[in-house]
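Given as structure tokens, the chain that follows is alone and in the form predicted on its own.
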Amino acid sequence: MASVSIRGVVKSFGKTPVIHALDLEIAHQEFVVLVGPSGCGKSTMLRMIAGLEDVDLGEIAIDGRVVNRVAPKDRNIAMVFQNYALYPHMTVFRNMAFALRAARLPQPEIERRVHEAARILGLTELLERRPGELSGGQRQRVAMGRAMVRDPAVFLFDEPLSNLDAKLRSAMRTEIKKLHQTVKTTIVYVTHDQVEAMTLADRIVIMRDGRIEQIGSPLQVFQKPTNVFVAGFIGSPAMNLLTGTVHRDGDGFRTTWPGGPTLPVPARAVPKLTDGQAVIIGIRPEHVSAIDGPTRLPADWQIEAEIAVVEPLGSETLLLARFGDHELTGKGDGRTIPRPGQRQRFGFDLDHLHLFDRANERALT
């Protein structure tokens, strides 16, 4: 079973700690994405799994075997790098076959593996070309094919799409997803792009400052962020986060903030709240809708704000609005595009309201 176990791993560069006693279990055939801002330690963690960085404390096990002191070539892993790392003077075939020839596999077996990987990745017509004759996306597929032919227990991807343009990144995400469904092996993937993480992962590991903030499926971390950092990091555009307080209102609570409206609090949050508690109020832009006519939303689920910035996207429009000292991002339907300076009504879908304790930034909902 190609599982990966990370147990109490610690890593420092000089006197600077990078990874703090990290624990993570990755199951056989699972696609796990490590995501977080630059400097959070995700690439360092991947390089330690690969054997390119030493572990200061703790253990890393692949298939149940502790590999802390095992050379990278003996770990049965294959790594796809950000910069492709192809040999420019070799053809695509020779690039893909290089590790197999170094391992002294018979030529018929080398040809079988290379042609099978080329078929899966759509590279058959390119096998006699050199990297300089290929597009960025084609080079990345060659790098993936070079990893595939080794038939590794674990694939490691280190920000493989960051050098590609937006359209090509989208296409390559599909290729990597298809690769995982075809070869059914374990993948550990590092990126700073939360859209990549959401679209590719079985589970997302969100990191900050060398620690894990939350682990879960894409829907879990999107719908139930455990703290303010995760709420603001996952989702595009980012969640609206407003500082305020909650006050008791009969059997329930209402949120208030300076210059803003009072909004009823969802019943699921009530048991965790106290009267006058300082909170951070979170709601995603897709749950803040521009209202241009009659609506079924109660009056106290609505506000009026001044449009500051308009971003037409075709099927919808992003609207940055100001009310009091606050800014709020909402969405319009794309058919009617308001102008900056215009007053606009917005409605809140309070079933999707998030509350976080302002003292420790942990979720209350």
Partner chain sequence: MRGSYERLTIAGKQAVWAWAFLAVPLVFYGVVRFYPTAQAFYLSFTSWNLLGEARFIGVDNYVRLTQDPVFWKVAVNSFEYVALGLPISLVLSFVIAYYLDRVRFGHALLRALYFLPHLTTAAAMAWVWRWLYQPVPVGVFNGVLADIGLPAQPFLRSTDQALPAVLAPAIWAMLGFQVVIFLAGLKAIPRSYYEAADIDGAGAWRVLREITLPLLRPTLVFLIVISSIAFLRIFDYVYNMTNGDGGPLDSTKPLVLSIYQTAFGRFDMGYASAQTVVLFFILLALTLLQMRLLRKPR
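Numbering follows the first chain given and starts at 1. A quick note: this is a predicted structure, and the numbers were derived from the prediction, not measured.
Separately, the form predicted together with its partner chain exists; it is not shown, and the next lines address it.
- Stretch 65-73 is the answer when you ask which of 316-324, 22-30, 65-73, 331-339 has residues with heavy atoms within 4.5 Å of its partner chain in the predicted complex.
- Remark: residue 101 counts among the residues lining its partner chain in the predicted complex, judged by a heavy atom distance of 4.5 Å or less.
- Although the partner is absent here, residue 178 lies well away from its partner chain in the predicted complex, with no heavy atom inside 4.5 Å.
- Interface residue remark: residue 150 is counted as part of the site for its partner chain in the predicted complex, having a heavy atom within 4.5 Å.
- Looking at residue 83, you'd find a heavy atom of it within 4.5 angstroms of its partner chain in the predicted complex.
- Contact annotation for the candidate site: 203, 231 and 284 all lie away from its partner chain in the predicted complex (no heavy atom within 4.5 Å).
- Listed residues 221, 117, 79, 246 were compared with its partner chain in the predicted complex; 79 is the one with a heavy atom within 4.5 Å.
- Only one of 88, 250, 294, 108 comes within 4.5 Å of its partner chain in the predicted complex through a heavy atom, and that residue is 88.
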